[in-house]
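The chain below stands alone and is given in structure tokens; this is the form predicted alone.
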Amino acid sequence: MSEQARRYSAVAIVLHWAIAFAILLMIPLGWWMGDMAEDGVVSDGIFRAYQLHKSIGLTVLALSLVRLAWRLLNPPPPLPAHMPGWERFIAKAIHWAFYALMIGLPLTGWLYVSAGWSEHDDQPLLVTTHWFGLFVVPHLFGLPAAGADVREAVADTAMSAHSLMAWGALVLAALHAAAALKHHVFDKDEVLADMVPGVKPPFQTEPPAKDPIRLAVLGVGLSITAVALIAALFAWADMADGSQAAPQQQSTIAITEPTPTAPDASAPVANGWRVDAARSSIGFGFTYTDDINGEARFNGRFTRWRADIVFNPDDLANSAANVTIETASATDGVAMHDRALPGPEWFDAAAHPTASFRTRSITHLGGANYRAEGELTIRGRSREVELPFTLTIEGDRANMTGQTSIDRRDFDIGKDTDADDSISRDIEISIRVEATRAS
């Protein structure tokens, strides 16, 4: 048997370590993102982390398919002759289980994203996937057009499978590493050395002949892998810092409510509240349509804003909300868009650094439902806008959510750009404010 046939090819080694490092990074990144989402963190850092996670996941899927094809065309070196049959069976089973996980993990993640349903908030959340900001990744099976029940069921199933596979990958990785060390330390064979460059089998007395092409492929491939890993780690660190940002930390909110501790339980008592920056957000959504890719949904947010709210359900005439938004903070996670949004064709942040919404009246619609009517000003142009919203108070937490839509051309947003005919005129606005009672 030739020397080449007795060891893995350089391409197989590079693909092995690139996929392994990517998955080992993705699993803790995914857990961190999940924890942040469960805690209600909606910062720009978390938004970018999801895009990074999806981009790396799709890259893992592509590399895994290439790795599988390469293995089928280039069989791996034979297992050591001393291995008993049961050990050979387990080794092969683990290897093929790895292939199933390497392909299944990103596929279930892609399926979850395509469903457009948030398992954390139990409501629709369709976010376009941009592969490292370069192009839009299509959703699978036309799921965004499916009914809410179908999307919720697909999202729940896909995320459950995704989580189980992540745990399975960690278990298999631990078994795989332990088996490789066992072969190297106790069996003293070539199994570990076949896949780790620079490690020679314990029994080897003379170094193998050097193959310059093999060394070049290993050097370039592993260097690119190392640079990509370091870049991803730095990006994650930056996103973690961004997830702690509190852009609306100067916001104020005062809610007057009945309290059973007052002498007269029906008498309203003023309570101070602090806006929970991590759980609060002002978002926007639009649809982009072209003849090649069809429709793509984009969701973004403003990362710097302030809300001053005074609310008394028994005195709505004197209740009011004033919201000020820094237009330069608009982002939808696509680098090209983020550079363009503050520009003169869109928000024109240099001339109009802030947008504002000031209520004129608030009406009770029944239960926890209200409607605010007020003046929205963007780019110096003002329009009357209605904002239906709900307000609930549970213990020491208040939760306000509202949605409305505007016609961007009413504010001269994007009307003179080449993309004017491709971007929907209706822009959906979503507001979420959570506050905790001041001690």
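Treat the numbers as computed from the prediction; the structure is a model and nothing was measured. One rule holds for the numbers: they count along the sequence shown, beginning at 1.
Heads up, the form predicted together with a small molecule isn't pictured, but that's what we're talking about next.
A.B. asks: Between the options Ile413, Leu387, Val60, Leu376, which residue brings a heavy atom to within 4.5 Å of the small molecule in the predicted bound form?
C.D. replies: It is Val60 that has a heavy atom within 4.5 Å of the partner.
A.B. asks: Which of Met239, Val323, Val113, Ile282 has a heavy atom within 4.5 Å of the small molecule in the predicted bound form?
C.D. replies: Partner contact (heavy atom, 4.5 Å) among the options: Val113.
A.B. asks: Please name which of the stretches 368 to 376, 65 to 73, 24 to 32, 404 to 412 has residues with heavy atoms lying within 4.5 Å of the small molecule in the predicted bound form.
C.D. replies: Correct option: 24 to 32.
A.B. asks: Indicate whether Tyr50 is a 4.5 Å heavy atom neighbour of the small molecule in the predicted bound form.
C.D. replies: Yes, Tyr50 is a contact residue.
A.B. asks: Using a 4.5 angstroms cut-off on non-hydrogen atoms, would His120 count as touching the small molecule in the predicted bound form?
C.D. replies: Close contact exists here: in the predicted bound form, His120 approaches the small molecule to within 4.5 Å, heavy atoms only.
A.B. asks: Would His162 count as a contact of the small molecule in the predicted bound form, using a 4.5 angstroms cut-off between non-hydrogen atoms?
C.D. replies: Yes - in the predicted bound form, heavy atoms of His162 and the small molecule come within 4.5 Å of each other.
A.B. asks: Hey, in the predicted bound form, is Ala166 touching the small molecule, heavy atoms inside 4.5 Å?
C.D. replies: Heavy-atom contact with the small molecule at 4.5 Å: present for Ala166.
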